[in-house]
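Two separate entries follow, structure 1 and structure 2, each one form of the same protein chain as C-alpha cells.
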Structure 1
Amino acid sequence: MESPFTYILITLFFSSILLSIIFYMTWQTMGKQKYALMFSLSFLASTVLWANALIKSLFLSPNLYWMIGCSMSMLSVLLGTWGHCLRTHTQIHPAALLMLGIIGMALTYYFTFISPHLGLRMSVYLYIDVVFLMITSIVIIRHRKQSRPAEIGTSIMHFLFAGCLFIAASIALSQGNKFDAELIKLYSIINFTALPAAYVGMSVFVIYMLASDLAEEMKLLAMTDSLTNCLNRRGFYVHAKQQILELQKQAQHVCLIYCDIDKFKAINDRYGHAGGDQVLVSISQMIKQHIKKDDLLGRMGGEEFVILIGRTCYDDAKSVAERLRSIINDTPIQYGELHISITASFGVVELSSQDVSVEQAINLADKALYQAKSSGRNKVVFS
C-alpha cells in the first residue's frame, strides 16, 4: 500500500504542472510580462522537485537525489522571488539572488559530499529558501503605500510559508550529525502537512494578486484618455472628489484650472486631425512637465483640459495657470517639419469650501474660461 505522503506528492506534482501552465498562459495574454514567465518557470522547477521525490527509489545514489531536490527547491523559490522583484520594480539585481542560490547549493554540496553532516545537509537549503521567501514578502508589502488586499494576502502567505520552512529546517538541524527518528518523524509531518498547505495557499494568492493587477489595469484604462494618456472625464471626476478632500484636510489651497486651446478648429482645418492630435498630446505633456506629480490632469473632451492642484500658498496656486499660459504661448509645437504656434485660455476657481462639488467647481471655472475667451483669448481669469 502506498504511503499517504506519496499521494500528497502526486497532488503537488499535478498542481505545479497546472500552475506552471496557468502562469505561462498569463505571460502570453498579459503582454508577455517577464514576471509572469518567472512564476511559470518557478512552478516548473517545483514540478521537477516533486517528480524527483516521487522517483526517489530509482536513484542509485541517495546523494544525487538529494542534490537534485535541494537545487530544484532553491531554484523554484529564487525564480519566484525574481518574478516578484520584476513585478514591483524592486532594485534587487538578479545576480544577487543568483549568488545567494549558488551559495546555498555549494554549502549543501559541501555538507553532502565533502564534509557530510546530516543536520546541515538537510537544513541549509531550507534556510536559503526562507531568506528568499522573506525577501518576497517584504518586496510585495512595500510595493505601494497602500497595499491591495491581494498583495497583503500574498505577502502573509509567503511569510507563513517561510515560517513553516524555518521550523522544518530548525528541526532538521537540531538532530546534529546523527539520525534521530523522532525528529525526522516530526520533520516529515511538517514537510508533508503544513508545507503543502502553505505552498498551495501561496500559489492561489499569487494568482489572486495577478487577477487584481489586471482588474486595476482595466479600471485605469476605463478612466484614461487613450490619446493623451491623462485622465478622461470620468476618471477625473472619480479621482478629484477624493483628492479635494485630502488636500483640504491638509489645509492646502485647492484650485481647479480649466484650460481650452484657442482656435483649435482652425488648427484642425489647417493641419488636419493628425496635426490637431499632435497639439493635444504636446499640450498634455507640457502641462504634466510643469505641474506637480500629485496634481490631477484630465481631458474633458475635445481641446479642453482640467487641472486640480493644491498649494500651501494661494499665490502659488494662482500663479500655476499664468505660468502654463506663458509656457504654451512661448513654445511652438513641432509637427513634422512644421512648428505650430498656439495659445490657450484659462479659467481658475479656488475651492475654499468643502461644500463645493467637483461639478460646481468645473462649472465656475468654465464660466471664468468663457470670460477669458470673450475678452481676447490667451488670458487667465479667476472666478
Structure 2
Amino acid sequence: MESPFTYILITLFFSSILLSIIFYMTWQTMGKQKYALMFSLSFLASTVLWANALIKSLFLSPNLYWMIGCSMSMLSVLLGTWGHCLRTHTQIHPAALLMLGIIGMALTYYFTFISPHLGLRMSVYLYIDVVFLMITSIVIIRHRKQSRPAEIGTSIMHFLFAGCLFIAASIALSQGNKFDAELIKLYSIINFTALPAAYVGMSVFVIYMLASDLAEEMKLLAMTDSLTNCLNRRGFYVHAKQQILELQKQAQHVCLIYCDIDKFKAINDRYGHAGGDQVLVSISQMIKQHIKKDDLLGRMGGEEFVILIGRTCYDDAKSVAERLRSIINDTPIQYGELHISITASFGVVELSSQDVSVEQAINLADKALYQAKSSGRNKVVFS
C-alpha cells in the first residue's frame, strides 16, 4: 500500500499537466499572448517537479533529486511571476527575476554540497518562492486603480500560497542542522494538505482571471466603434449615465454636444467611401485632441458624433462647441494627396441643473442641431 502522499503527488502531477495544456491552448487561441505561454511553461515545470518527487527513490541520488526539485519549484514560480508581469505591463526586468532564482539555486547548492545544513537546504528555495509569489500578488492588485473581482481573488490566492510556503519553510529552518522527526511531520502535513489546496486554488483563479480579461475585452469591443475607435451608441449611453452622475456630484457644468458633419453625402460622392471614412477618422481624432481626457466622445452612427463634457465654469463649457466648429472649419483633412475641407454643425444642451436623462438630452441637442442645419450649417445652436 503506497503512502497517501504518493496519491497526492500523482493528483498534483496530472493537475499540472492539464493546467499546462489549458494555458498552452489559451496561448494558441487568445492571440498568442506571451503571458499565457509563460503560465503554460510554469505548470510544465511544476509537472517535472511532481514527477521528480514521485520517481526520486527509483533513479536519483538524494542530493540530485533535491537540486532538481528545488530548481523546478523556483523555475515554476519564476515563470508564473514573469507571466503576471507581462500581463500587467509591470516593468520588472526578467533578468532581475532570473538573478533571484540563480541566487536561490546557488545557496541551495552551497547548503547541500559545500557546507551542508539541513534547515537552510530545505528552506532557502521556499523563501525565494515566497518572494516571487508576493511580487505576483502585489503586481496583480496594483496594476489598475480598481481591480476586478477575479484579480482580487487571484492576488489573495497568491498571498495565501506564499503564506503556506513561508510556514513550511520556517518549520524546515527551525530544525537547524539536525533532522527533527516532529518538525518534519509538521512540515509534511503543511506540504501535503494546505499547499496542494492553495496551489490548485491559485491555478483556478488564474484561469478565472484570464476568462474575466476576455469578458472585459468583449464588453469593450461591443461598446467601441470599429472605424473611429471612439465609443459607439451603446457605449456612449452606458458611460454617459455614470459620467453625468459623477460630474453633477462635483457641481460641474455638464454639456452634451451633438455634432454632425455638413453635406457628408457629397464628400462620399466626391471622394468615395474610403475618403468619407478617412474624414470620419480624422474628425474623431481632431475632436479627441481638443477635448479633455475625461470628456466622452461617441459616434452615434453615420457622420454624427456626440460629446459629453463637464467644466467648472459655464462659459468654458459653452465655448467648447464653438471652438470645435472653428477648428474643423479651419483644418482641411488630408486624404492621400488631397485636402478635404469640411464643416460641421452643432447642437448643445446644458444639463447640470436639470433632471434630464441622457436620452432626453440627446433629443434636445438633436433638435438644436436641426436648427443649426436649417439656418445654414457650420453653426452652433444652444437648446
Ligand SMILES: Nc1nc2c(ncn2[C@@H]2O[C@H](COP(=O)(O)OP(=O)(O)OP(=O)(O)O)[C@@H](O)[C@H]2O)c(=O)[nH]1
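Predicted model only: the values in this text are computed from it and were never measured. Residue indices: 1-based, along structure 1. So that the term is clear: the rigid core is the largest set of C-alpha atoms that superpose within 1.5 Å between two forms.
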Form selected (criterion: the form predicted in complex with the named molecule): 2
Comparing forms between the two structures, the hinge position between rigid parts, one of G336, L86, M218, A51: M218
Rotation (degrees) of the smaller of two rigid parts between the two structures, from C-alpha fits: 8
Distance the CA of S375 travels between the two structures [rigid core superposed, Å]: 3.5
